[in-house]
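Two forms of the same protein chain are encoded below as structure tokens; each is given separately, as structure 1 and structure 2.
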Structure 1
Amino acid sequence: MRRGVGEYAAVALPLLAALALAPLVYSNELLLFNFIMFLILAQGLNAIYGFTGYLPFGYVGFFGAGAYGFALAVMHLDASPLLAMACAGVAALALGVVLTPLLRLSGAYFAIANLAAAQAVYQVISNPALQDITKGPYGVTLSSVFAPALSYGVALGILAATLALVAWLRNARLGLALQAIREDPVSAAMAGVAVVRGRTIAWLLSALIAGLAGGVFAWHISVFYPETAFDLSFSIFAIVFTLFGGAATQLGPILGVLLLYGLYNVIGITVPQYFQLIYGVLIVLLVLFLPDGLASLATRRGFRVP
């Protein structure tokens, strides 16, 4: 456990301090918030994929559930933002429980089924027949709780907790059991590891993290549409960032977000015609030469990556 605390301090604290101070010297707070949101999503995906090998293409479903859990609490219960954040987490957890049977699948079957489930949730939320409840396709406005500075601080708190969770998983008995499941579930079961329970815990933790990210996203922007909250690019970015940096570590997804999302905001905005080409080349090179992500460079040289 001491190793986990040391890893957390070495990686998380400088990052959190930099993000806390960044608004004082950089005026584009929305861009900084997006960095935090993708850091949370990448670490949340890391909790399920990095430690169990399950890759959820529809991870955005939990994010969207969290966003609408927050919005519904504000609109219909007149909840305070912090109580609405709790509702966001509960909504994502509830969806995770409903989708738990998907864990019986594996590989591409699990990924596709998860994507289909996320699309099904989106269709329900955006249904015009539910306009009185979800506002249907017409969008949600939460101007009564709009507080960018406060929601930015809460997002930092969620990121801190998420990084702590990953640091704990890397060293705790549960995390080691999950990694054994990822490598060989049959051998893990024969060794006494509760495979189904381990996968379910990782799945629900991952859902909770995405739901909280969705909730703080809804709070921060306060005006959004179903296609925004359930935008598949959230899943794609989270997956690419995690794989590029290196799964099952704290540092890997952080590197992926900082490098690739930073590149996206430099190239994708200034010269968008070259963005997809450069992104594609980077990903191909990664798959060919660093299939375990950037963090594996240090591992190959005998260093332990946090």
Structure 2
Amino acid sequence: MRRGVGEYAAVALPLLAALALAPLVYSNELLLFNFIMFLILAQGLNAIYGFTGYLPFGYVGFFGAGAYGFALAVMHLDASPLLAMACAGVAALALGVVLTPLLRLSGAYFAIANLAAAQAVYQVISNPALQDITKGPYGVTLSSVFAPALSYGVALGILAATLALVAWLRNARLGLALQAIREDPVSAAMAGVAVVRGRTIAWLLSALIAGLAGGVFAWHISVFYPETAFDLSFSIFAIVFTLFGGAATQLGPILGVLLLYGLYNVIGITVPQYFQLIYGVLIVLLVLFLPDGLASLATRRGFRVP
């Protein structure tokens, strides 16, 4: 556990400090906010994919549930933003609990079922029949609580907590147990690991993280449609970033987000006409030539990546 604290100090604190100070020198604060959000999402995905091997293709479902948990609390309960953030977390956790049976599936079946579940949640929330509750397809406006600076800070706080969680998983016995489950659930069981419980914990933690990210996203952008909160590209970006950096480490997903999302924006701003093409090619090359992520370059040479 000592090592965990050290790694957190070495990896997370500089990152957090940089992100806290960045708005002073760089004014596209929303881009920085999106960096924070993807850092959170990538680490949340890391908790379930990196440590248990389940690829939640519908991860955006939790994100959207969090965004709408936040929005509903503000619209109907007149909740303060922080209380609404708690509601965002609870909404995603509740969805996580409902979807726990999906953990019985494996491989592509799990990924597809999870995608279908996220779609189903989206279709319910965006249904005009629920217009009085969710505003259906007509989108929500939360201008009453709009507070970009405060929500930026809260997002940073969530990132700090998420990184701490992953640093802990990386070094605590639970993290090791989860990795064992990922490698071989049967063997893990024979090593005394409570496989179902371990998976469920990782699943719910990861749902909670996405829900909080969704909540703070809703707070920060304040006007959005269901299509925005349930945009499948949130799932895909989080997966690609995590994979690119290297799952099951603290540093991997961070590098993944900083490099790839950074590149994404640089391409988008400099050569918008070939945006999609370049990004597609990049992803293909990544999977073919670096399937275990950047971190594997170090681990293959026997170095430990925090």
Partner chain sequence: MLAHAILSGLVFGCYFTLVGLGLNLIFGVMRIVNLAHGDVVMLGAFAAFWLFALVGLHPLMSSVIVLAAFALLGLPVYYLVVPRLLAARDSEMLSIILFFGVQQIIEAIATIAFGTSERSIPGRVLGRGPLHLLGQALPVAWVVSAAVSLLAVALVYLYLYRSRVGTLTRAVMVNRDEALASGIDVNRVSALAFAIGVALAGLAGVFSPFMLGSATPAMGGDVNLAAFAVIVIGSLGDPRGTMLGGLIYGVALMLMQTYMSAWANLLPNLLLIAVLLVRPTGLLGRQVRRA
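Sequence positions of structure 1, starting at 1, serve as the residue numbers. This one's a predicted model, so the numbers in the text were calculated from it and none came from an experiment. Rigid core: the largest C-alpha set superposing within 1.5 Å between the two forms.
The form predicted alone is represented by structure 1; structure 2 is the other form.
Shown in the overlay between structure 1 and structure 2, fitted on the rigid core, is a CA shift at Phe57 smaller than 2 Å. Comparing the forms between structure 1 and structure 2 on their rigid core, the Cα displacement of Gln276 reaches 2 Å or more. Comparing the forms between structure 1 and structure 2, the C-alpha position of Leu288 differs by 2 angstroms or more, with the core used for superposition.
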